Ligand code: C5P
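Take a look at this single chain in structure tokens; it is the form predicted on its own.
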Amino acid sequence: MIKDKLLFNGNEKQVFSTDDPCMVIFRYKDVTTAFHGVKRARFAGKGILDNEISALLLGYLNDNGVETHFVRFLGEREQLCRKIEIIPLEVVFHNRISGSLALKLGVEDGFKPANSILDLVYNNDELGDPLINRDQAVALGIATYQELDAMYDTVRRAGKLLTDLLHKAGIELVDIKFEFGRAADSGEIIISDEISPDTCRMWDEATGERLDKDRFRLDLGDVTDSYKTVLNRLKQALGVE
């Protein structure tokens, strides 16, 4: 596979075209951002950790019947992915209520509800990525009700799979955001973008220590040691070297 032109140069990742029109290469950077890019820092080696964690988690979903854009790991910072047409929506899966949702609902950070919660987010930087409902998403022409039903079903399955996997690693999956796109090779709506401690809240089950990007958001220290902990425990849970 030949890496070609730079298609996207984001804060934390780059996307390159390849000699296959249906495939792209993701390259992970060491940059970390928060609060819509207002807070920014560089942690040496973070991109390497994000790449490997995301490859393991996306590959796990693929292996368990939940289609994602991930194809294969290419090296320290790069992975081969199916090219997608971005759907500007996120579906956020919550096992606990934390962060901005806790503030919105007026509950203690980390509140554990009896049910899992799904939120729909409109990916629009100019609007601050607001929460929207299904009717609004359909009214904007972003997706149909049938497509939203399929996305919600996918998120429930993926959320359960990753919750159980991380539990084996002694990590509680507090919440996780899923992004979607229409695959260039099939037109199917599949999970896209990364799954890593940058896109999830992950807490140590024994101590409650935060092992995710909240360490950066809340000034709890360097993220790389925590990301290494996540990676090493995941490898042990999956039985990989």
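These figures come from a predicted structure and were not determined experimentally. Each residue number is its position in the shown sequence, starting from 1.
The discussion below concerns the form predicted in complex with cytidine-5'-monophosphate, not included here.
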Query raised in the report: Is residue 98 one of the residues lying within 4.5 Å of cytidine-5'-monophosphate in the predicted bound form, judged by heavy atom distances?
Result: yes
Query raised in the report: Taking 4.5 angstroms as the cut-off for heavy atoms, does residue 198 touch cytidine-5'-monophosphate in the predicted bound form?
Result: yes
Requested in this report: Decide whether residue 217 counts as a contact residue for cytidine-5'-monophosphate in the predicted bound form under a heavy atom distance cut-off of 4.5 Å.
Outcome: yes
Query - Partner contact for residue 182 in the predicted bound form: cytidine-5'-monophosphate, 4.5 angstroms, heavy atom - result: no
Report summary line: TL;DR on 39 to 47, 24 to 32, 198 to 206, 53 to 61: the one with heavy atoms within 4.5 Å of cytidine-5'-monophosphate in the predicted bound form is 198 to 206
**Report entry** Listed residue (176, 211, 189, 66) with a non-hydrogen atom within 4.5 angstroms of cytidine-5'-monophosphate in the predicted bound form
**Finding:** 176
**Report entry** in the predicted bound form, the residue from 92, 150, 161, 71 that sits within 4.5 Å of cytidine-5'-monophosphate by heavy atoms
**Finding:** 92
